[in-house]
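This document contains two forms of one protein chain, each encoded as structure tokens and listed individually as structure 1 and structure 2.
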Structure 1
Amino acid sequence: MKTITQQKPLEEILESIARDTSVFIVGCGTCATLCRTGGVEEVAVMAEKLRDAGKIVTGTAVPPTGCDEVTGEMGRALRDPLAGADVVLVMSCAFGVQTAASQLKKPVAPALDTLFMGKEGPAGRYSEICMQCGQCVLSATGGICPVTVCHKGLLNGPCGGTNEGMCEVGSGRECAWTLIYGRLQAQGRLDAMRKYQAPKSYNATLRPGMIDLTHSREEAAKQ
């Protein structure tokens, strides 16, 4: 599963670094490379665009994973180019931006918008597969998530808008509940679909999210 991103408009990027003269660019060798938004080629193109806009690019780096390998070691290896930069432009997911900010101790600016967690399909198309809702019902839906795959997010379906397996939303979108029905039928488990799912609790995942796994394990051991 990858973090799916898209590049911000150049005008927005330039506005966010308007006060800065020199820029160091950090990409990501995993998710952003997959999405073609922050790999080696995209970082090189961005560097050229910034130079054309009058910025000084002091250096670039594309660590294997921008979210957790923008480390102090990288900072030491690229100490001089980083020291010469007013800001670090991060071509990675929002996690990578926050990691760069905390580890490099420099002002940062995101070059990408983080869209969702998903997977790549044919021809560079990406599909959301989990929105981390904190209330998983996959056991009753054949492993197909109705919250993300159903375009209405229905926990009980299908609705009246399905037609020959397609969703009324259009654009060739398949009906999630037709897919769920087919999967459960093949497994001989259609009875799972008959169970009513209560309305989704949006308190299941508190924002901002924080959990003490050590405490949770201790509580589970007592039960």
Structure 2
Amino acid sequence: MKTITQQKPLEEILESIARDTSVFIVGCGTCATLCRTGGVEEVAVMAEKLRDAGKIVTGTAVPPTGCDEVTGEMGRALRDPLAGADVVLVMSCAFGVQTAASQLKKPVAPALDTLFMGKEGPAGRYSEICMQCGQCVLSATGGICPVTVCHKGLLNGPCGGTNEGMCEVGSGRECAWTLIYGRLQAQGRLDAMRKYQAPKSYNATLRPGMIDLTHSREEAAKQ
């Protein structure tokens, strides 16, 4: 599972850094590199575009991961080009942007929009696989998540908008419940689909998500 990102329109990026003259660009060696939105190549292209737009690019960096303390180490190693920049343009997911904001102590601007947690299918096609709802129902749905894959997150079967296995919202999205039906039928487990599913608890993961696992770790260590 990785964080799927998409580059913002250049106009929007330039608007967000309109007051800034000099820019340091940070990419990400993991998810954004795999998505081809924030790897070495994309960072170089962005640097060129910013220069064309009249900005001074003081430096660029693509840390192995944009979302951990490596960003801070990178910041110390690249102290001078960073110090000369008015803003850090971050070509990673929102996690990387927030990490840069807290560790580099500079104003930041995201160059990417974070879309979803997903998997890569054939030829650069990505699809969402988990919404982190905190109440996994996959045992009842053949390992296909209706909360994520069904546009409406329906728990008790398909709506009337499904057609020949496709979802009414279009763009090639498949009907989750047709997929679930097919898999459960093949497994001889359609009884799982016949069972009433009560409304989800949106209190299962109170947003913003936060959990203290130290107690359970101590318990595990004792055993």
Partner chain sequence: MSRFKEALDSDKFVVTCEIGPPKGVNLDKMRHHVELVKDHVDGINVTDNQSSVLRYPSLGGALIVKEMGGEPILQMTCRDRNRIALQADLFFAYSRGVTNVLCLTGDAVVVGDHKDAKGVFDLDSVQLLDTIHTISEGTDLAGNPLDGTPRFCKGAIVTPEARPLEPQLIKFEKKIEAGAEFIQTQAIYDLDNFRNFMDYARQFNVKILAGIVLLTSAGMAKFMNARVPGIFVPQSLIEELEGAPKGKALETGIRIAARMIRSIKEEKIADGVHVMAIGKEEVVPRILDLAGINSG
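Take the two forms, find the largest set of C-alpha atoms that superpose within 1.5 Å, and that set is the rigid core. This structure is a prediction, so every number in the text was calculated from the model and none was measured. FYI, numbering is relative to structure 1, first residue = 1.
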query: Chain form predicted on its own, by structure number; finding: 1
query: Large Cα move at T58 between structure 1 and structure 2, threshold 2 Å, rigid core; finding: no
query: Yes/no, Q185 Cα shift of 2 Å or more between structure 1 and structure 2 with rigid core fixed; finding: yes
query: Angle, in °, that the smaller rigid part sweeps relative to the larger one between structure 1 and structure 2; finding: 13
query: Following rigid core superposition, Cα shift of P158 between structure 1 and structure 2 in Å; finding: 3.2
